[in-house]
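Just the one chain here, laid out as structure tokens, in the form predicted alone.
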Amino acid sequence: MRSLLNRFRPRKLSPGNINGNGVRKLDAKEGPPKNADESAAIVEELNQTFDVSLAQMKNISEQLKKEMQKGLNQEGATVAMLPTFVSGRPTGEEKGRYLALDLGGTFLRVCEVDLCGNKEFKIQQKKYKVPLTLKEGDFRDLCDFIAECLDNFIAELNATGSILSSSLSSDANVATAAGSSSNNSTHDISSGSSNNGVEPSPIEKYQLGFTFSFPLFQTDINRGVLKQWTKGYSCTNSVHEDVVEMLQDAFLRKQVPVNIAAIVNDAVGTLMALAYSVPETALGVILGTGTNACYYEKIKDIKKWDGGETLNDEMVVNTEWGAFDCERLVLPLTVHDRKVDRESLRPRQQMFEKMISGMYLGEISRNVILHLIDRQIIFDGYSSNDFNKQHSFDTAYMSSIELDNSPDLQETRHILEDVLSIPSTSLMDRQLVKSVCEIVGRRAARLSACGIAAVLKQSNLVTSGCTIGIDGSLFEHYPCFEANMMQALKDMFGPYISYKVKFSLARDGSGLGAAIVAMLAHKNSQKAASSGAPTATSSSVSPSVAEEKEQTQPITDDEEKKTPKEESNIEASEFDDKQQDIKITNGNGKIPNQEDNKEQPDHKDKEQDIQKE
């Protein structure tokens, strides 16, 4: 018993209380640092806690590659490796008008995309706020709402000819445009259908790509069974049902002349959005509120594929890498990561995502800061009710703090004292908080690079090289995130990798990308119909929809209606990459000066816009 008590007894610092690197181990009862050297020792301790060494990065990427191969070979793997039924690559010369729907956590966005050829396009869009009653009601009612919004959008297009459009040149990396009527208000969609009750022929129908970023078992290019709701949705009569079929039925009821040609994952949309203007794009990555990746895989290497013959020899695979290492074999989890996971809605799931995505980085940092408070290292040992709340420290705050280069860190003081109600902070306190943000953010970037390295090796692109389309406000806005990722790739592959592999911002995968997938799906179906060649259908996919319903664990009504704190809070954050308004871009890909109408975080004070460093 005495030895057990001694184990938890506070220890005095002594010359022996030094680790192998010559850095002092801090006692749990130690107070605030008395000088810069002691502060540096605390920072070094944090660096060691969150360090991802070269050996660890190589081990992580190799393990992820093994898990990817397992997912290609069999159903039920941790890294699911889902065939998307998207085959073929855009050339940038395709032409035509297509529609896109993006159902996000707060808004429904409707887009018309005009592919002009020569790697140029125009986009028109409008946003409709989804009422809470529809997010929690019968899914049929939500489908009717979507149909009415889409019909309203088409009617407005027909009436005005054009809302607003912008075309881009072939060298543009940022390829998005926005309608002048885009806003965060709920539009009146009660005017009814605009086609006078006449059902158009299939040839007259618009072809639409539907971005549906919820867990889905896809059974064809335009078929998918919902596994569960996230992002605050809990619609009834929807789980284990084909959401595309239900939405298409709503279009028929409302007489909306639209055919859902494809259901699209946000990572796939990101890949396609950039590939139209940069054909050498081979990977699509999401680094924002959540994380995911997709890439082209040879169909012969997708051993579990049983979907019949295809028109192309490769298909886009959705990795679902956010679930990687739920077994906790290789990821360098700290006590803070374990606490965040334990308090999350789904413990021991999405471990990779919980260490690198915008939804969780702020919470990891908050727990580290609370640990320093408990040790009386910062803030004189005082926290606040606001700061003690789960997910109160947004990842957007981390970014603002990292960008704060004022002599006394005034922006950091404002966030801590004015927004989060910390009683008082010293300059040394604020410097330590800034170090926490830098260290947690850098680890996230290095782990993200491990994921990219695994996909590059799996697809044999390390030597040949490629462009990687990346979407998400973490990549776009977080200071040094891109540079830290590239440095990690250099550490693993050598400096030459920066000449082979390029990162490129690929905004609006949910709009432009979804429309391009709809275009590819429509053209493939036309080719198959004209040649009489067999194509993959839902009836030939293994497992079947019925089998999937049996295999998927049932979700109770209470679970469906539960809105996790992390999801509801992050929807209001600047790091909700699905809710950012799209800026108008000009022909050279630069964004002209105009007021940015982003959603504002639900904070006491309006936070400053985050600019990419």
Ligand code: BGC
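Heads up: residue numbers just count along the shown sequence, starting at 1. Under this definition, the rigid core comprises the largest set of C-alpha atoms superposing within 1.5 Å between the forms. Since this is a predicted model, take the numbers as computed values, not measurements.
Keep in mind the form predicted together with this ligand is missing from the figure; the text below concerns it.
Of the heavy atoms in Phe145, none are within 4.5 Å of this ligand in the predicted bound form. Heavy atoms of Asn265 reach within 4.5 Å of this ligand in the predicted bound form, making it an interface residue. Residue contact check for Ile286: one or more of its heavy atoms lie within 4.5 Å of this ligand in the predicted bound form. Contact check for Glu297: no non-hydrogen atom falls within 4.5 Å of this ligand in the predicted bound form. Checking Gln350, Ser400, Asn152, Asn367 against this ligand in the predicted bound form, a heavy atom within 4.5 Å turns up for just one residue: Gln350. Checked against this ligand in the predicted bound form, the residues Asn292, Ser473, Thr425, Thr281 give one hit for a heavy atom within 4.5 Å, which is Asn292. Only one of 88 to 96, 503 to 511, 414 to 422, 230 to 238 lies within 4.5 Å of this ligand in the predicted bound form by heavy atoms, and it is 230 to 238. Within 4.5 angstroms of this ligand in the predicted bound form, the stretch 210 to 236 places a non-hydrogen atom from each of Ser213, Phe214, Pro215, Thr230, Lys231, taken in sequence order. Relative to the superposed rigid core, the position of the CA of Tyr296 differs between the shown form and the other one by less than 2 Å. Phe503: CA moves less than 2 Å between the shown form and the other one after rigid-core fitting. Remark: with the core as the superposition reference, the CA shift of Gly104 between the shown form and the other one reaches 2 Å or more.
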